[in-house]
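Have a look below at one chain only, the form predicted alone, in structure tokens format.
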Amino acid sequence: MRKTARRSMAETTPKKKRLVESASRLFHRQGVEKTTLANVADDAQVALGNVYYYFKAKDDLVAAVADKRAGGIEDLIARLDTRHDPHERLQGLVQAWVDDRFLDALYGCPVGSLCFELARARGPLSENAARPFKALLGWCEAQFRQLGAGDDADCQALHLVSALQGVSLTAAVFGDPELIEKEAKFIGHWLRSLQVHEV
């Protein structure tokens, strides 16, 4: 009983939160493979020995960061769902990419880059990689269905998510945030052309 109570207290400590935040930043900037637990401890200003109190292995920390990324997408979706109609919600999603354009131009999309690295490893964490994408694709598909896309809703959702992820990668390759703005304008025109079919 005591062990469980101690464990749940440990899970909510500021120190653990700092470790996840630091790992999240470092994984985005330099990748999971190149980031050591010592790097994370140093960035979070936590003794390395304390890291193992919260995370028994690096994979546990990676899973926590993957959960954080998925939670971020789920929070974004929840905020967008407060908007009036599916067109506004989809435009809000595109705007979220524009808002993050400078960060994406430096390191790529935080969600996309981590998910790709985990999926490429094909290890036990690869399932974590799919969660944010499944949530985003499913949500986009629901918006396109509301716009009257019918059986094409899943294809349109895939097109939108692929365009956003693709432009983040392209902006990172060129170090140019303006590319995200250009793509956002193009996507905006496309979405407005679909608005007339709203049901």
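Since we're looking at a predicted model, the values are computed, not measured. Start at 1 and count along the sequence shown; that's the residue number.
Keep in mind that the form predicted together with a further copy of the same chain is missing from the display, and what follows is about it.
Trainee: Can you pick the one in Asn50, Gln30, Gln146, Thr36 that has a heavy atom within 4.5 Å of a further copy of the same chain in the model of the complex?
Mentor: Exactly one listed residue reaches within 4.5 Å, namely Gln30.
Trainee: Just to confirm, with a 4.5 Å cut-off on non-hydrogen atoms, which of Val46, Ala64, Val167, Ala70 contacts a further copy of the same chain in the model of the complex?
Mentor: Only one listed residue qualifies here, and that residue is Val167.
Trainee: How about Ala130: is it within 4.5 Å of a further copy of the same chain in the model of the complex, going by heavy atoms?
Mentor: Ala130: contacts a further copy of the same chain in the model of the complex.
Trainee: Counting only non-hydrogen atoms and a 4.5 angstroms cut-off, does Arg83 reach a further copy of the same chain in the model of the complex?
Mentor: No.
Trainee: Would Lys182 count as a contact of a further copy of the same chain in the model of the complex, using a 4.5 angstroms cut-off between non-hydrogen atoms?
Mentor: Yes, Lys182 lies within 4.5 Å of a further copy of the same chain in the model of the complex.
Trainee: Taking any heavy atom pair closer than or equal to 4.5 Å as contact, tell me whether Ser113 reaches a further copy of the same chain in the model of the complex.
Mentor: So Ser113 counts as contacting a further copy of the same chain.
Trainee: Does anything in 105-138 come within 4.5 Å of a further copy of the same chain in the model of the complex by heavy atoms, and if so which residues, in order?
Mentor: Those in contact are Ala105, Leu106, Tyr107, Gly108, Gly112, Ser113, Cys115, Phe116, Glu117, Ala119, Arg120, Ala121, Arg122, Ala129, Ala130, Phe133, Lys134, Leu137.
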